[in-house]
Structures are given as C-alpha cells and as structure tokens.
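First comes one chain, alone, set out as structure tokens in the form predicted on its own.
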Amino acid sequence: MGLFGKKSSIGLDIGSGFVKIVEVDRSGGQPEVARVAVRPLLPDAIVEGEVMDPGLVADTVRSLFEDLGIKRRDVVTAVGGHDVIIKKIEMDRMKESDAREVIRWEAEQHVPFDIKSVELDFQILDPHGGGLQMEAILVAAKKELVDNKVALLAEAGLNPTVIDVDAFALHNAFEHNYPEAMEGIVALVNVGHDTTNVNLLEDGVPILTRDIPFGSRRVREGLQRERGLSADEAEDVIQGRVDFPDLHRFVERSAEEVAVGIERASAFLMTRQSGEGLGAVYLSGGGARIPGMMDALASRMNVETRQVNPFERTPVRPDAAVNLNLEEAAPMLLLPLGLALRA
C-alpha cells in the first residue's frame, strides 16, 4: 500500500465514549488485524460529537499509543455528524478532472452551508456510463470540523494521512466482511455512544445517510436514573455481563426510537417506481451488544436484522487484542477497521 510506505495502516476512531485503534497488516495475502485496543474517555469529554476538552482527549490518545508502544505517527481517521453532508447527485457527464473544476458550483445547489466554509470531495458512481448525465456522491464537511480534528491529533503527536467520513469507513469494513450484502437495499445501522448512524445501501452504493440522536448512553443513563444503578452497574447490564429483569422495557423503548429513525430515512423508498423496500438491517456499534436490542429491532421493523461481526472475513492475529475481550468489543470496532482498511 502506498499510503505510508509500509504494508500496514492504523485506523483511529475517537468516539464519544471510547478511543479505538485497529492496525491492519497487508504483508501477507490478505489484510490481517495485527493489533486492537480500546480506551474509555472520561464522561462528557466528547458530547454528541463535539470535543469539550481537547487536551484531555489528546492525552488519552497519546497515552494509548505510548502504552501500546506504537512508534508510527501516521493514522487514518474520520469525521462525521451534522456538519458532514453526503448526497447522491446528478450532473452533466464529464471527465473527473473537469468535474473537479465545477464541483464547487454543483455543491452550492445541494449543500446547506456557506460553500466557502466547507471541504468538498466527490466520487463518480458510473464513470463509464454513456448517458448525458452521471451520478456522483458529493461529500461536504465544514472546514472547522476538519481543522479541529487535525489540531487534536497534532496535539496528540499524530499525523492524519487520510481523513475519511464515518459512514464510508463503516461501509468499507462492512463490504469487506459481507460482500453478499452488496445486493438489494440494506441498512447498515451503527449504534454508537451518543449517536446512531443509518447508512442505506443499494447494490453496495450509499444512497442516503442520516444520524439519529440516540446511543447506548441513553440506555445506561435511563437505568441509572429510573432504577438507581451506578454507572458501573448500568454498564455491566448493557454489556450483558449481569442479568437485569426489567431491561427489556428500556430496550424496547430504544428499539422504537432507532426503528423510527430508520423508517424516516428509508421513507422515500416507498415512492420509487421499482417498489423495492428495505431488505435487511445490519447492526453494529457498541449499542448492538445491548441484550435484546437486535431481536427487539427485528420485531419492531419486521425485517431480517443481523449483528455485524467486523472480523467475519478479516483474520485477527491471536495476540492482536491488547487487554481487551475481543468478542465483547467487536461490534464497536467496525469503524476503526474500515479506516485501517483504507488504501
């Protein structure tokens, strides 16, 4: 791989609850996970994607790299949230080099931000098509969001060689592990600490992404507030380490919120001439491990629902997990794996 001059890469995901690292080695015949590590952030260090204490977060990232003995400074990371716009657009057919000249004008028609304040990129979906129009995925991220991420990593002593988009990194790892899901219409739903990302894919192409303001934190805080559990006790419950007889009430309420978000995101499918609806839901993120969440969502939506295993087709070295129960942590590692797979 040409990114770093070495056949390995490090995906770094700084979420609202945890810092996650996945290192992928490509020196063999296929990508192999060489190292995985997760470290919790202090509560409220990051709230709904906004870094409240950059110094604290940078210290956490730096100390994790130091404790793991990672000398390399180059990482692949991502941005996401409401300050990132992803949209499928149509534009006059032209070469990519020509499209790059006019993309800012095209973006003005679709991006609800001051076009001078965003970073833009795009990908032509049908570069070899013959029609007068072509489809492209347009991505716009506020410069402030990107600049803040770069500054945070610089404070941690790291160099972000690539800045991806959360939804695309999730898609990347999902496609690598579930190639059979690249047919028909599916929803990749990542239930994070504060936010749930819904990524609708049609034949492997993203057609809509949307964030839902719900995460596993809501369930944890509900257990603390309504049932008097401590933070550690609530965490044990939602991780399935301890049985809690009343958990299903919280899970059903949560599944309803996620289901409504998915239904709103996919409502436009009902108006399409093809008539094809949502075929399956694939669940990832830390919230996917909440006992009963997958079954409650499947029942509520009446559609096949599966939990994603980031290592379904990605081999992991026996000593890769550092002070980590890999089976327990796996659902939250789809994003950093997707980043590390970026080539």
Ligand SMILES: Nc1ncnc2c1ncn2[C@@H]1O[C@H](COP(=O)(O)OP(=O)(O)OP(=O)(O)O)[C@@H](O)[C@H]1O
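Owing to the predicted nature of the structure, the values given are computational and were not obtained by experimental measurement. Note that residue numbering begins at 1 and tracks the sequence as displayed.
Although it is not shown, the form predicted together with the ligand is what the next lines describe.
**Student:** With heavy atoms only and a cut-off of 4.5 Å, decide whether residue 254 touches the ligand in the predicted complex.
**Tutor:** Although the ligand is absent here, residue 254 would stay clear of it in the predicted complex, with no heavy atoms inside 4.5 Å.
**Student:** Applying a 4.5 Å heavy atom distance criterion, does residue 192 contact the ligand in the predicted complex?
**Tutor:** Looking in the predicted complex, residue contacts with the ligand include residue 192, since a heavy atom lies within 4.5 Å.
**Student:** May I ask you to check whether residue 332 falls inside a 4.5 Å heavy atom distance of the ligand in the predicted complex?
**Tutor:** Yes, residue 332 is a contact residue.
**Student:** Applying a 4.5 Å heavy atom distance criterion, does residue 238 contact the ligand in the predicted complex?
**Tutor:** Contact check for residue 238: yes, within 4.5 Å of the ligand in the predicted complex.
**Student:** Taking the partner as it appears in the predicted complex, which of 66-74, 279-287, 26-34, 300-308 has residues with heavy atoms within 4.5 Å of the ligand?
**Tutor:** The contacting stretch is 279-287.
**Student:** What residues, if any, in 8-47 have a non-hydrogen atom within 4.5 angstroms of the ligand in the predicted complex?
**Tutor:** Heavy-atom contacts within 4.5 Å come from 13, 15, 16, 17, 18, 20.
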